[in-house]
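Each of the two blocks below gives one form of the same protein chain as structure tokens; they are labelled structure 1 and structure 2.
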Structure 1
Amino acid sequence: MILGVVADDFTGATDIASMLVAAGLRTVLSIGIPATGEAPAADAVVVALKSRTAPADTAVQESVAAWRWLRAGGARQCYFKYCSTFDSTPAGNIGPVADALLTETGARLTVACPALPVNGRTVYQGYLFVGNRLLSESGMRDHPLTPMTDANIVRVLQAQTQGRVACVSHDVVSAGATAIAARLHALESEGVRFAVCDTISTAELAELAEASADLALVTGGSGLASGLGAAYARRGWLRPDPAAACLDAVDGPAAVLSGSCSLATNAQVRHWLEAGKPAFHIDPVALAAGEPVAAGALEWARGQAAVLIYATASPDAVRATQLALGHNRAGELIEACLADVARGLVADGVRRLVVAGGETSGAVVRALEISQLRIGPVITPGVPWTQVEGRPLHLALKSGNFGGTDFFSEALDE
């Protein structure tokens, strides 16, 4: 193993795994830390945690344990993967986890690179943009769990860590890997612990990957991983495998489960509904009243080739539900219901399952008792098809913010 990845949610884990496979790394995704056994034989192993919105001390404990398991399996570099929209709160969890991993790896400095230009996430002068809008003016401002009201990543990260945070400005990044490495070395000598890197193009990600491939720890979204394969190959650590993304063929019904309430997923649900395709809405108020919503959804879905079962709602509707049921209870009810639905669908013969939303994906994966995924071809940047190890079941775990309006149809037609 060359790279050990600690991912803070399930969709983020498949996102970075898809980048690594595309770069020619044989990649295995482990759902959580295995209770027994050694790390699988692969160039990169990704551990998918559900720590993004966990209490900070829990997130730190789980992330450190994941890295220790990866290190015991031979990983020479640690990659802490978080969302390209830097989903966190003033209390964490990105800063506390990164602090702990700096200590574990013995690193004095690491990079913070949330940029994913292919999906419109760029950083300039330390500010994170979503498309042509500041993060704080995007739909992430209304996220029910991690509302992002400040686009300045230097300032956001500094509020979460005791270590010094600085920016590697675009003029340095655009000058290439040698200039970036020199700047990182200078910042390290000044006592800086976190270097937020301006990035506005995929070519610049490749230069950042080259400059940071020898660091004990890197942190960021999935974009930085896209350049690591070439950087490792230049060091003689890797021979890229062109067949890294091959999966077995499967046949059978398909379903989409959507728990995300992001603007992107709302648009994807609307597109499906406007096309007149079969859909079943999960009502959290009915769940709270004890109605058999999951059983009703399963009965409705039987015999249909491709269905959407969704709890996705507008920001106003989400706020109203949280006010009625409580901030956490609404989400917990929906996750539990969609997990029950996933179990029933697979028992009924569904073999392709698209899941929208990080929290929902975590609940579904655990409900299906999945321990390991093989990473396959990319549907859209950041979202690959995966196959459950040893089973004829394909999963696509989609971050709420990813994909075009026709993503659900695009995935099932892939």
Structure 2
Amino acid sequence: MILGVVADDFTGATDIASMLVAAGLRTVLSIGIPATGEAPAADAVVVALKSRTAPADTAVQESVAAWRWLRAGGARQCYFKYCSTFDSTPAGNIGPVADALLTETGARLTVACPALPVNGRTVYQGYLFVGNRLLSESGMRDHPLTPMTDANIVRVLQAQTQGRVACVSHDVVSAGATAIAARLHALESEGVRFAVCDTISTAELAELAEASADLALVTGGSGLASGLGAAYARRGWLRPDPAAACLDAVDGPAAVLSGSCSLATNAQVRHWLEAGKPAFHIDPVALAAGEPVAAGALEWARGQAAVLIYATASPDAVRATQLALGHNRAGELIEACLADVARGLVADGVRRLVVAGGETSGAVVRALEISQLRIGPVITPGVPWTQVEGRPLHLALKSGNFGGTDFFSEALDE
């Protein structure tokens, strides 16, 4: 293992894992910190935590534990992955976690590089932009958990750490890796702990990756990872593998399980139904009445090559169900049912499973007792095919709003 990534949420972990695979690193994603066992054989291992909005001391504890496991598995560089919109509050968790990882890795300085120019996240003079707006003028201003009301990342990070924060400005970054490395070195000798790096293009990310590949710790969004493969290759640590995204072939039927009620997923379900493809609707009222809905779905699916089993419904229908059953109970019943269906489908020989919905994916992954996923080809940005480590089962986990209307067919045709 070359790189060990500690990611503060699941979709962020998937995002950086896809980025690393595209950069030629064979990559495995671990869901949480494994209780036991060694790190898998891979160039990069990403540990997906749920620490973004946890209490700061919990986030620190989990992140350090994740890194210790990665280090024991041979990782030579640590990457603390957070959101490209620097989602955090004055209480943390980016500052406290990065502080703890600096201590753990013995590094004196690290970079803070949230930029992801392909998604419109750029940093200039320390200010983070989302498209053509300052972060503080973007939708992130009103985020329910981590409202970002200041776009100045130097100031935002400084409020979260005792260590000194400085900016590597665009004139230095645009001069390339040698200039950046020299500035990082100078800042380190001045006692600076965090260097927020201006970045307005993907080419600059590559220079930043080259300049920071020897640091024991880097921190940032997923963007910086795109340049690390080449930087490691130049150091002779890695021969980038053009087949890094190849998964073992699997043979067997496929199924889509959809518990997301987002606009995008509703359109995807409609698209599947309009094409006349086989679909089974999970009726929440029948579930609440104790009918054997999961067993019925499994019986129906048996012998079919590719099916959709869905609870997805329009906002009005969801409201009506929630009124009738209670908000939490409706969600729990449906998640439990889809989890049972997933278990049954796999037992019946299904080998490729697409799951729509963040919470729904969590329920399915728990039901199937999955702890590690090898990352394969990207279906749509943010959603790769994955293979359950050591099992002939492919999974694509899609959070609500991802994917075009034909996402389900696109995934199954991949």
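From a predicted model like this one, the values you see are computed outputs, not experimental measurements. Here, rigid core means the biggest group of C-alpha atoms that superpose within 1.5 Å across both forms. Along the sequence of structure 1, residues get numbers from 1 upward.
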Pick one: which is the form predicted in complex with adenosine-5'-diphosphate?
2
Turn of the lesser rigid segment against the greater one between structure 1 and structure 2, rounded to whole degrees
28
Having superposed the rigid core, state how many Å the Cα of Gly390 shifts between structure 1 and structure 2.
5.2
Core-aligned Cα shift of Gly331 between structure 1 and structure 2, given in Å
11.5
